[in-house]
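Starting off, we have a lone chain in the form predicted on its own, written out as structure tokens.
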Amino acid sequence: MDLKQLNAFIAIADLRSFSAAATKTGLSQPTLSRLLKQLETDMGVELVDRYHRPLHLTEAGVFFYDKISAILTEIDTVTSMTQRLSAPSTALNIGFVPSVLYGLLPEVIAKLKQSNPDIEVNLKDISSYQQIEALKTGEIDIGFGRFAHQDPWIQQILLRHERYMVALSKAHALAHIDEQRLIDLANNRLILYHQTHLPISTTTQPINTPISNSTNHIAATDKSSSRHKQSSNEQPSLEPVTEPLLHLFAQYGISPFMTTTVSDLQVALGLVAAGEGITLVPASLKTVRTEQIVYRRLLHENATSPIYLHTLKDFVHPKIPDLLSAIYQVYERRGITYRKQSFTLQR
């Protein structure tokens, strides 16, 4: 058994076709067939049922695929990190979620370049979830995200909590109220935009009160909508609420009257500006579309969105300490409370 055989099997299993796998790998179909046959002979197990089109994995093949694909991903990660250790990049590649860019990130980068005039910084708009894989592949060296991650390859520090604010159109009936309560917002359409959800853990609580009236979920890629009504004697859902905004409402036993799910934050704010609903955004976005939208403070102290910084455990880019220093200098200048932390090699 060798890597060529394993990679051939993975390609065939992914695409369920020798011809498609040949195109992907650049190998001929006879070569792929030979490698697969050698693997099956070495193991004494049939992995692929060749008599179906598209090809099917046998029960043993499904089990082997699930286990070996994770191992191969780990090998790729180790290989990538080894290459970076031997020849570190001089550039600092930073991943970020869009809401961070509207906050202090530009000021932080300016401070970093001021103290490191020769540094090359590359910024990449990438979701919190995708940043974890991007760190492993070397696409980015560090990421600013909004969610905690549990991954054996990643270390993470909490930079600070940012207050959520309510975004409403200027014509909204509640627009004149400076401080808002979630219960007063529940009868509005809540626009959801997070692409990453909270992990299912002790931090995610089930909704313990019935959903009021109806919930309307509209995917960004699907213009159709459906409405689901819950009768008064129906049992409340015990499923954990992992969508961040819905989770915040659920902590107070509240479920919005109606929700719409869109692809990103800008689309959500566009709908708010058009009077199609409300949403909650980190306070750093309160300068966006101010000709159409007002941003009002939430009274709830726990209505916050965290900002995390994450990188690899086994490889810390040499410029990351300078980046952290720039972050804390900006926080001090802005009067933002923080707890000083640092990344360490964890080998």
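Here the structure is a predicted model, which means the values were calculated and not measured. In this text, residue numbers run from 1 along the sequence as written.
The same protein also exists as the form predicted in complex with a small molecule; that form is not shown, yet it is the one meant from here on.
Out of 173-181, 255-263, 123-131, 105-113, where are the residues with a heavy atom within 4.5 Å of the small molecule in the predicted bound form?
Correct option: 105-113.
I need to confirm a contact call. Of Ile307, Leu39, Leu57, Leu312, which residue comes within 4.5 Å of the small molecule in the predicted bound form, counting heavy atoms only?
Result of the distance check: Ile307.
Of the options His149, Arg163, Arg160, His247, which one has a non-hydrogen atom that comes within 4.5 Å of the small molecule in the predicted bound form?
Going through each option in turn, the one that passes is Arg160.
In the predicted bound form, do Leu135, Trp153 and Phe343 all reach within 4.5 Å of the small molecule through at least one heavy atom apiece?
So, no: the whole triplet misses the small molecule.
Is there a heavy atom of Ile327 lying 4.5 Å or less from a heavy atom of the small molecule in the predicted bound form?
Yes, Ile327 lies within 4.5 Å of the small molecule in the predicted bound form.
Considering non-hydrogen atoms and a 4.5 Å limit, does the small molecule approach Ile140 in the predicted bound form?
No - in the predicted bound form, heavy atoms of Ile140 and the small molecule never come within 4.5 Å of each other.
Decide whether Ala167 counts as a contact residue for the small molecule in the predicted bound form under a heavy atom distance cut-off of 4.5 Å.
So Ala167 does not count as contacting the small molecule.
Using heavy atoms and a 4.5 Å limit, would one call Ile191 a contact residue for the small molecule in the predicted bound form?
The answer is no: Ile191 has no heavy atom within 4.5 Å of the small molecule.
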